[in-house]
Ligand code: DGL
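Listed next as structure tokens is one chain, alone, in the form predicted alone.
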């Protein structure tokens, strides 16, 4: 498939948490046009079946492909862990894909950590994607994964950097599963918003890694290698959701850092 530098980059998530990735990419590569899709109708993906998540991902990817995207970023760990390989097969050669799992795995391996903790949604933890991929590089490493389902709704409701979030975070991180770790992977694109609180809990004694920085670098490297990096902004960024409420509109500021206009679009049932 022929691609050009001026084509947009698609980003999708189960909701609006992936805006943390979109914001980082927007700031790092201001000449790129980004088209974001948040599947707010089906959120959260964390408690959905793998088959349901794969279906959602196919439909969203088709939509972004119709928008002429040269690259699609799966800015959701639940979707990345259950649907990435399937999307590569389904859209064979039609569009490039980047997920948020592999760059983070490569980062933790490159740093040489031995005892690694992972916190994420139920879907990501049930897939065991991080332990499988990390151990494929080094079977001797210890990987302890734990679902932390209260963190996403807590963050989306704005309850962070306060007593509520501090108590929930402390309760999760005190679990014996995470005892003795030297690195903790924040395997959800919501979690960078509570990274400082998590670091405070560990008092700097555990490395806290998230996917934002590594995905940003992965995307830029891929575009550069394929000569697809844009050097002139072709159009404004677009932000779509599958279900609109005023609370989604207001919550976007939490994740994106500024006001953006969400456009509701219904893609379910379209073929």
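Numbering follows the first chain given and starts at 1. Because the structure is predicted, anything quoted here is derived from the model rather than measured.
This next part talks about the form predicted in complex with ligand DGL, which is not shown.
Just one of 43-51, 63-71, 216-224, 22-30 has heavy atoms within 4.5 Å of ligand DGL in the model of the complex; which?
It is the stretch 43-51.
Is there a non-hydrogen atom of residue 173 within 4.5 angstroms of a non-hydrogen atom of ligand DGL in the model of the complex?
No - in the model of the complex, heavy atoms of residue 173 and ligand DGL never come within 4.5 Å of each other.
Whether residue 104 contacts ligand DGL in the model of the complex should be assessed with a 4.5 Å heavy atom distance threshold; does it?
Output for residue 104 is no: heavy atoms all beyond 4.5 Å of ligand DGL.
Should residue 185 be classed as touching ligand DGL in the model of the complex when contacts are defined as heavy atoms within 4.5 Å?
Looking in the model of the complex, residue contacts with ligand DGL do not include residue 185, since no heavy atom lies within 4.5 Å.
Classify residue 155 as contacting or not contacting ligand DGL in the model of the complex by the rule of any non-hydrogen atom within 4.5 angstroms, answering yes or no.
So residue 155 does not count as contacting ligand DGL.
Taking ligand DGL as it sits in the model of the complex, which residues of 62-82 have a non-hydrogen atom within 4.5 Å of it? Please list them.
76, 77, 78, in sequence order.
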